[in-house]
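Presented below, as structure tokens, is a lone chain in the form predicted on its own.
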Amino acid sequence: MPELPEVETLCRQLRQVILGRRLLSVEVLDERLGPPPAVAGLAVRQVVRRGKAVALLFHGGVAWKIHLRMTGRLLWETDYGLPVDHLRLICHFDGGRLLLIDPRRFATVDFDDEAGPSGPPDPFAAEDPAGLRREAARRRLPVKAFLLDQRLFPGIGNIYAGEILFAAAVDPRRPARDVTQEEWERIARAARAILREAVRARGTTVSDWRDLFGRPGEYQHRLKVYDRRGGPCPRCGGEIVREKVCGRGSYHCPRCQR
């Protein structure tokens, strides 16, 4: 599933190609998405990220929220010569078209979404480590599961939670309530640095992620522990292991993550 860096990449690229453009027509090719509202002639006034979702805000008060789920992707086309498989939605703009492609049909579009406030603080923002510790003090769950709570950390998913905890030298299995103030400060710093670097790399491609122009991301070449089971830890040389944490595959170094 695309996480914060991948969705942020899409939003930044979409601003380059559709901001201010008029939406001429919409073709819904999958009835699961439901009928769109009347939008012909409306221009895009803003593209924003809401956690792991892309929100398109149009003039006239119309707002759409696109959540790509497991296998969804967006593609911008100006050359319509080649057929595209697994199409679910086509948005025709003046100068190009935006495609929603999804082999497993899990992606959703809330056509009547108000796109309202962004909700919890964005993980890009400067977090309050003391506030994180107060919130975590009420939780018995592992710290990695705490970081995956979308109500608190919108957009952080399995890959980046594991990388953040490795950078902070914190064991993902540790109860969230046992993480110290100093460790929360390390986690907050690591989150900001890793997410920003991943956005600059246009995200992580470990299976089928592609950006708006069909290119894979590059951050997979910089991952320290994810999908590195059995390899050496880049920090201490210990062996990276994979274990289940709250039902999710989790990679870490038992020697230096405490």
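Fair warning: this is a prediction, and the values are worked out from it, not measured in the lab. From 1 onward, residues are counted along the sequence shown.
Form predicted together with the DNA: not shown, discussed below.
- Site residues L14, R73 and W76 are none of them in contact with the DNA in the predicted complex, judged by any heavy atom within 4.5 Å.
- Of the candidate stretches 90-98, 179-187, 163-171, 136-144, only 136-144 has residues whose heavy atoms lie within 4.5 Å of the DNA in the predicted complex.
- Interface membership of R22, defined by any non-hydrogen atom within 4.5 Å of the DNA in the predicted complex, is ruled out.
- The shortest heavy atom separation between Y80 and the DNA in the predicted complex exceeds 4.5 Å.
- Using a 4.5 Å cutoff between non-hydrogen atoms, Q46 does not count as a contact of the DNA in the predicted complex.
- In the predicted complex, none of the heavy atoms of L132 sits within 4.5 Å of a heavy atom of the DNA.
- Residues T204, T205, V206, S207, D208, W209, Y226 are the ones in 196-234 with at least one heavy atom within 4.5 Å of the DNA in the predicted complex, listed in sequence order.
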